[in-house]
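Below, in structure tokens: the form predicted alone, a single chain.
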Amino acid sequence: MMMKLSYLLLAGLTNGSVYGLIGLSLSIIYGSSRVINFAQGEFVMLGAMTAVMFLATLALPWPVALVLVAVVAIVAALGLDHGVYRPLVRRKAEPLTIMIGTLAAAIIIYGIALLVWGPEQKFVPPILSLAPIRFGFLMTNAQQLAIIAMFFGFLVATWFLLYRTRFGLSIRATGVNPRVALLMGIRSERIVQFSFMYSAFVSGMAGLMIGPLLGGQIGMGLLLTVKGFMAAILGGLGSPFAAAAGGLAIGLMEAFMAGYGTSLYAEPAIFVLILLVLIVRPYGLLGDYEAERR
């Protein structure tokens, strides 16, 4: 009984950490641009699939592969910024139009990935050992622990960036009112560009780490975008930390419903939970608190 509970807890924390990182990434972009990036999950997919290329196909050392995975994700983010976001903003497009543009970019990234890697699921070589590690009733492995540690590491790094640096103050100011921030000398385009790059880096690293556990498949981006969006809505879209907490909640709920019931009802139950939360707290579980804090 305890072993099953510990297994479900770790599985929920692992998946929830990935959902939380995607939700955090979505919230960072939304906070600076008021746009939801529907291509966010594709950065996770690129992280997993380029890991296959660099670690398996080219057999590069993992530190080199890690850097190259980050470079690919960031270059893709710059392409999204310069190819979709900026042209539409300069034409004074509505946020909804820009969001449709990010969806089109996601389809393009998917198509390119299909040409490069094909539709089959790929084995993603793990950076750390998948050998079982026992802590009392807990059974885990180094890769799982690294994913959870990475989640909390990015939370701390994001908090420090936003609340302990002048650049973070510029990011928050741009999110509150881009026009006033521009009048104060803050270059909003650079802030948004950094948001795309940082969120792509976070998501790419998440794909690199979760790939060995889930497998690499070019269609994984869409599902992860949906889960990240659900996490952001549940926790609070306006706050990266609330969105991350929503990801953990969704991951744990999925794991325990699959373990003690059936996974078929997990997603409908999560959608019902999100609907109830939005009825009671329209800004999400922690969204209004973060809004007051800002």
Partner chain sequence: MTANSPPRPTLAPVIFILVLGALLPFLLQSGFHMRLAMLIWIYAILSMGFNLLYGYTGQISLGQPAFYAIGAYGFAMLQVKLGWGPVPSFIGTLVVCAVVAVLIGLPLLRLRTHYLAMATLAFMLIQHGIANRWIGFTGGQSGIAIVPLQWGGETIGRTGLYFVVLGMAAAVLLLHDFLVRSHVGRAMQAIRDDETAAAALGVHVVKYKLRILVLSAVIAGVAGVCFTLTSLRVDPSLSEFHVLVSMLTIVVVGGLGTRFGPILGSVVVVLLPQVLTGFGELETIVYGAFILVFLLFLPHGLSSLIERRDFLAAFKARKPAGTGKEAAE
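Predicted, not measured: the structure shown is a model, and the values here were computed from it. Residue numbers count along the first chain shown, from 1.
One more form of this protein exists, namely the form predicted together with its partner chain; it is left out here, but the text below deals with it.
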In the predicted complex, which of 124 to 132, 208 to 216, 137 to 145, 78 to 86 comes within 4.5 Å of its partner chain (heavy atoms)? 78 to 86
Would you mind picking the one in 257, 70, 248, 237 that has a heavy atom within 4.5 Å of its partner chain in the predicted complex? 237
Picking from 230, 253, 66, 53, the single residue whose non-hydrogen atoms come within 4.5 angstroms of its partner chain in the predicted complex is 230
With the partner left out of view, is residue 222 within 4.5 angstroms of its partner chain in the predicted complex by any non-hydrogen atom? yes
Taking any heavy atom pair closer than or equal to 4.5 Å as contact, tell me whether residue 115 reaches its partner chain in the predicted complex. yes
Wondering, does residue 95 line up within 4.5 Å of its partner chain in the predicted complex on heavy atoms? yes
Indicate whether its partner chain has at least one heavy atom within 4.5 Å of a heavy atom of residue 108 in the predicted complex. yes
So, 4, 10 and 58: all three within 4.5 Å of its partner chain in the predicted complex by heavy atoms, or not? no
If you apply a 4.5 angstroms heavy atom cut-off, which residues in 89 to 109 are near its partner chain in the predicted complex? 91, 95, 96, 97, 99, 100, 101, 103, 104, 107, 108
